[in-house]
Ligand code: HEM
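Only one chain is shown below, in structure tokens, and it's the form predicted on its own.
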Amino acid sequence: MPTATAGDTAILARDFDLRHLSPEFYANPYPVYSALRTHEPVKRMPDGSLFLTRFRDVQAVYRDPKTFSSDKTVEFKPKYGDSPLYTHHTTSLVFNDPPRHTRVRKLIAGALTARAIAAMEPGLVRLVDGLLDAAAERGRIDLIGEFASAIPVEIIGNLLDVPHAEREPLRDWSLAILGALEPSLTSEQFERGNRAVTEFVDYLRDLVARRRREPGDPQHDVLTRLIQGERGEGGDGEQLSEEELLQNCIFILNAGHETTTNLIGNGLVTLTEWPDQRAALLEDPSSIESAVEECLRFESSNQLGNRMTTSDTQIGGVPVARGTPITLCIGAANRDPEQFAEPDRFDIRRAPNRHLAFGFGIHQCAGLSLARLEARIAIGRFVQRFPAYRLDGEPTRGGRVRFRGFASVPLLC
């Protein structure tokens, strides 16, 4: 394949439009991200928004939540109108500023302490080993449907103590709601997303009513913790409204689901593409921790973030007016050669590796320690159990630009 010239890459950058993407981009966006970083790192999109691809610019926006707001009440109105999707996405933790963001995050983080996460490890190992046993019997596996997606559904279901018999719809609801966050939305995605929010809220309303009657242990049951709120002196702690409670339960189930599924799937597929790195992991299983960090950097599960400027400012020397939507390209920032030597090389021993896969600052992922644990156990035990696993056909991409992962990956074990 001929090497792209500077003129070719300049054209790639010039013609980039987040709302009109090619199949080649969905398969491999990194050449486009590289072209943008080189030629137009603060890219003005046709709709007036900005698209950022340099690590330093993305991190600078994360560092300043006052100038760069996460509140989506204005930005999402034209996209969703008065719909269940609008209610959900403007109420959930990730798309809010303090004080609402602070209040909800504190309640969630209180149930995700290091001790609580460590207590989940034995059950997680049993779950993963059971899935691997089933794969060994068959000799093949769909990496996503029969392994990667089953793990976070179980873990997050346990966090909220969702009865096992009621977990089947969770993945489809999650995919529909997160699919509606894509930059360009079809009417089918919009309808499916709204239907999923409505059905999810109806289900959770009943679950919350049951939990109010029979509370769980708030140290381990996130739903009970959210229901009871902060326990201030005299019982005057912060309480969530019913809407905040229901929508943030959806957020927890969604946030812990697709991104972790993608992390496990992306990691195991990437290891098939870099056999020397898989051999290194097999030789030294203790390197799984740094291997997971490299999986997070190299194929970030969540590729895009969004902010809105609250005042006139500048990014990378470019003046930016108040009310400008900003897209943070995490996937591009994590391949920035100014931050990472040989960024397109997958290196499980890369150090330092200060990637932005979990965000940065006050909005850094509240569940990052849990996601890391799930990935370490899932990827590490899969590789050790099936050291010669290989693709059994072409993987199917998930068809998303925001959430990068696979819909299906056939493997021979």
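On a predicted model such as this, the values are computed, not experimentally measured, just so you know. Position 1 is the first residue in the sequence shown; the rest follow in order.
Below, we turn to the form predicted together with the named molecule, even though it does not appear here.
Peer 1: Just one of 353-361, 37-45, 383-391, 24-32 has heavy atoms within 4.5 Å of the named molecule in the predicted bound form; which?
Peer 2: That would be 353-361.
Peer 1: Look up in the predicted bound form whether Leu132 has a non-hydrogen atom within 4.5 angstroms of the named molecule, and give yes or no.
Peer 2: No.
Peer 1: Any of the heavy atoms of Phe55 lying within 4.5 Å of the named molecule in the predicted bound form?
Peer 2: Answer no; every heavy atom of Phe55 is more than 4.5 Å from the named molecule in the predicted bound form.
Peer 1: With heavy atoms only and a cut-off of 4.5 Å, decide whether Ser149 touches the named molecule in the predicted bound form.
Peer 2: Residue-level check for Ser149: no, no contact with the named molecule.
Peer 1: Is there a heavy atom of Phe251 no more than 4.5 Å from a heavy atom of the named molecule in the predicted bound form?
Peer 2: Contact with the named molecule, yes.
Peer 1: Would all three of Arg105, Leu159 and Ser301 be in contact with the named molecule in the predicted bound form, where contact means some heavy atom lies within 4.5 Å?
Peer 2: Heavy-atom distance to the named molecule in the predicted bound form: all three under 4.5 Å.
Peer 1: Which of Ser174, Gln277, Thr259, Gln247 has a heavy atom within 4.5 Å of the named molecule in the predicted bound form?
Peer 2: Exactly one listed residue reaches within 4.5 Å, namely Thr259.
Peer 1: Taking the named molecule in the predicted bound form as the reference, which of Leu370, Leu50, Ile377, Val61 has a non-hydrogen atom within 4.5 Å?
Peer 2: For this set of options, the contacting one is Leu370.
Peer 1: From first to last in sequence, which residues of 315-333 have any non-hydrogen atom within 4.5 angstroms of the named molecule in the predicted bound form?
Peer 2: Stretch hits: a single one, Ile330.
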